[in-house]
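A single chain comes next, written as structure tokens; it is the form predicted on its own.
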């Protein structure tokens, strides 16, 4: 950073990582944290650090009392003024950006003395995650986390600039609001003024941004905070940020082009970049997941009919079921081989997804062995190879279940496990997809329960509205939505849909989801009322900022890309949140704890 771009009035003239040989002879002031102190008897050196780098301080020209250096504990904050000098040839460090120069100090001031910290941000021993979260402000001093914060800031600015260029208006929506159904629990805030009532923190601004379209805002966006009280994992937090977008009069092509523009700008992919489109049915058939990592092969094959009537009763029974599914994968020997213990370990991979195991057999020099090989007839083998893109020797794997969702999930888990453990993909590659034609509804044929796949405001595909009006579960399950996701490397980066803008269709959606007219009125009355007064066709999407930055920085933990994240149990170890309010607060809010 050029110091001339700074406003005047700072205590420093330069950053610690800024000085070069071209600055030799200049009088400078720098401020930072003590990274290292070296007392060589006649010579004294201090390495001073800020977010931009390190500068070595020398004290040969210092006329003051050198005993002040005894107070320079590690991580103390110091201001030093002096003249930039060339280091002696024997002391030059070409591996360090400022390694050709040092500042010969004429004045030095200890601004803040540090006690012994629980860990050193730039120490050789890495602290435990719990310790780093408790003292997050120390962890944030590391170059890695500061670089991530900078990249997140740059991504936010890029998103804003891109949307401004396209004529979007940034609008803030309320944080204290009414529940918005997004599939997770709400965080609620008791109202002091309205006793017995609560606000909900928004899971997303869904109804609000649709109301903005009814209000003629035309193109809206917001970098907004969202809150979901759900079970956490590595890529989820109870509060997160999304780039929220809504547009009037869009087509599906417009939304795909808009998503392509955003991804192109954020990942610097060039103006010719366009998301590769693939239907939901195809990704499920080929990968068993609606957010597949397509940087490697091991594509799935539907071999249900191959085993129908076969001598392998386990698969034959699955094939008889209406929603049964047998999926296969082929790992060629030319790609990788697995030891028997690695094959047996796949059982543990599928267990969390409801799988009982992974069937397999081996082909070597045309001979079959191991696993279910005795059930593989020449006809079955020929059928398998006919479906496979790869031929020759290798391992065949199978996941099967009478519930096709379990079969998909297990086959996906095996594929991801093999891709990662066998290093079948380039970690520096990005593989983006536009997944569309999602099911409109989640239908459980056993319980006959119906839920919204996306949310209750998603428009059915226009050529399938008749299916949507049916009371037949099979027809409702077959109904497709005008919904879409943006996927990269096994993560969902964003998604959205074209919205229902017809009151009759919206009322039918509430009916299908099992909401009585009274319940719909109580929960969404304000929104249903708004639909009566001229609603433009509209649609939108939202990008998860944390997941975007995870991709940009190539980290696999969402905590790395948030300044002050929560733990897996939704607690803040630094502040001690959540905490119990005092008795006066609970009385004022008019609620009692259930013991």
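Values in this document were obtained by computation on a predicted structure and should not be read as measured data. The term rigid core refers to the maximal set of C-alpha atoms that superpose within 1.5 Å between the two forms. Numbering follows the first chain given and starts at 1.
Although it is not shown, the form predicted together with another copy of the chain is what the next lines describe.
Shown alone, this chain has one stretch from 399-407, 424-432, 147-155, 288-296 that lies within 4.5 Å of another copy of the chain in the predicted complex by heavy atoms: 147-155.
The shortest heavy atom separation between residue 501 and another copy of the chain in the predicted complex is within 4.5 Å. By the criterion of a heavy atom within 4.5 Å, residue 20 is excluded from the residues contacting another copy of the chain in the predicted complex. Interface membership of residue 460, defined by any non-hydrogen atom within 4.5 Å of another copy of the chain in the predicted complex, is ruled out.
Although the partner is absent here, residue 490 lies well away from another copy of the chain in the predicted complex, with no heavy atom inside 4.5 Å. Comment: another copy of the chain is not present in this chain, but in the predicted complex one of 416, 387, 453, 178 has a heavy atom within 4.5 Å of it, namely 178. The single contact residue among 198, 515, 127, 476, judged by any heavy atom lying within 4.5 Å of another copy of the chain in the predicted complex, is 198. With contact defined as any non-hydrogen atom lying within 4.5 angstroms of another copy of the chain in the predicted complex, the contacting residues in 501-534 are 501, 526, 529, 530, 531, 532, 533, 534, given in sequence order. A movement of the C-alpha atom of residue 24 falling short of 2 angstroms is seen between the shown form and the other one when the two forms are aligned on their rigid core. Relative to the superposed rigid core, residue 586 undergoes a CA displacement of at least 2 Å between the shown form and the other one.
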